[in-house]
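Here we start with a single chain on its own, the form predicted alone, put down as structure tokens.
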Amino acid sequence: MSRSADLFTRSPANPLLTAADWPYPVNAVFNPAATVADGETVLLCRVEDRRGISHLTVARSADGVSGWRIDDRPLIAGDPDDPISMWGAEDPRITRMDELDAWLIAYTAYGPKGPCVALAATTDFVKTRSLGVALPPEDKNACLLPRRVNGHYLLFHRPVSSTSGSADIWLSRSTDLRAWTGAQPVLASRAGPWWDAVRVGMGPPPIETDAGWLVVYHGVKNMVAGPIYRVGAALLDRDNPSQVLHRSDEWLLGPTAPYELTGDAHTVIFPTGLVHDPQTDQLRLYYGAADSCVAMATANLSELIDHLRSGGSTGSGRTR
């Protein structure tokens, strides 16, 4: 069994993208969604401008590491006249939906009432079609599965309880991508001193494997110096994705590199993009580092699955 510390390897090209790479003045670039389109890696990056308001801009690369071509305008931005999104668009995730011949983008729309989950569709990453608000405030960290399960689209998201303040991963269902019902808890923060004890949130859209849906998520622990954001993983049942089969006890990737330790938010690795190459079995995990730049780490999918099945905790992730 591979040690958790050995599963992910940081790219020597890190950080891949920073504010200095942008074609217009910005404060920070981070938390990128990722997919492959027309043979290229496409990142949809959260870009914070110098007012502090975020929008989403596309960057493309032939190898997913270098030679990035960055659009000179946002793909998705908030509307200053819309109270739902007047404070910006943040933290996207991209899902390829073959049955729709399109990519679906789940992102956080931010306004005075708080963050909420919004959806959009695109066929070319040049223009989008809004699908509106899927879930009201306070909710975020949303992503869709790439196919229906039992006739329903499935949306993972992270609501915040108004009574307990807990922030865990839930799953909602829809038949039309607009009305979402039947919310179920999936993965909860663990009680006590665990690395994911304060809150958890879904990372990139899960990848379907023979062993189940591979989930990469972030977990937060509060320390004297402030919170630490790290990366964990889990396997969900293919036919019932609300059921956790295995969950990593240890974090798989934590902030140790200088660009992860220091930035607008110190000690943060925030995973939002995941690309799998079936020919090499390589995973490329794209993440925001310290809320300031984009970085990437690689892993072997089979090794990660073996690690979860043999070393992670088994059963429900709903412990509090």
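Quick note: we count residues from 1 along the sequence shown, nothing fancier. All values reported here derive from a predicted model rather than from experimental measurement.
The next section is about a form of this same protein that is not shown, the form predicted together with beta-D-mannopyranose.
Participant: Taking beta-D-mannopyranose as it sits in the predicted complex, is residue 58 in contact with it (heavy atom to heavy atom, 4.5 Å or less)?
Facilitator: No, residue 58 is distant from the partner.
Participant: Please tell me whether any heavy atom belonging to residue 265 falls inside 4.5 Å of a heavy atom of beta-D-mannopyranose, as the geometry stands in the predicted complex.
Facilitator: Contact check for residue 265: yes, within 4.5 Å of beta-D-mannopyranose in the predicted complex.
Participant: May I ask you to state whether residue 217 is within 4.5 Å of beta-D-mannopyranose in the predicted complex, using heavy atom distances?
Facilitator: Residue 217: no, not in contact with beta-D-mannopyranose in the predicted complex.
Participant: Heavy atoms within 4.5 Å of beta-D-mannopyranose in the predicted complex: does residue 287 have any?
Facilitator: Residue-level check for residue 287: no, no contact with beta-D-mannopyranose.
Participant: Could you tell me which one of 190, 246, 221, 140 places a heavy atom within 4.5 Å of beta-D-mannopyranose in the predicted complex?
Facilitator: After the contact test, the surviving option is 140.
Participant: Only one of these stretches, 37-45, 24-32, 64-72, 247-255, has heavy atoms within 4.5 Å of beta-D-mannopyranose in the predicted complex; which one is it?
Facilitator: Result of the contact check: 24-32.
Participant: With the partner left out here, which residues of 217-253 have a non-hydrogen atom within 4.5 Å of beta-D-mannopyranose in the predicted complex?
Facilitator: Residue within 4.5 Å: 229 only.
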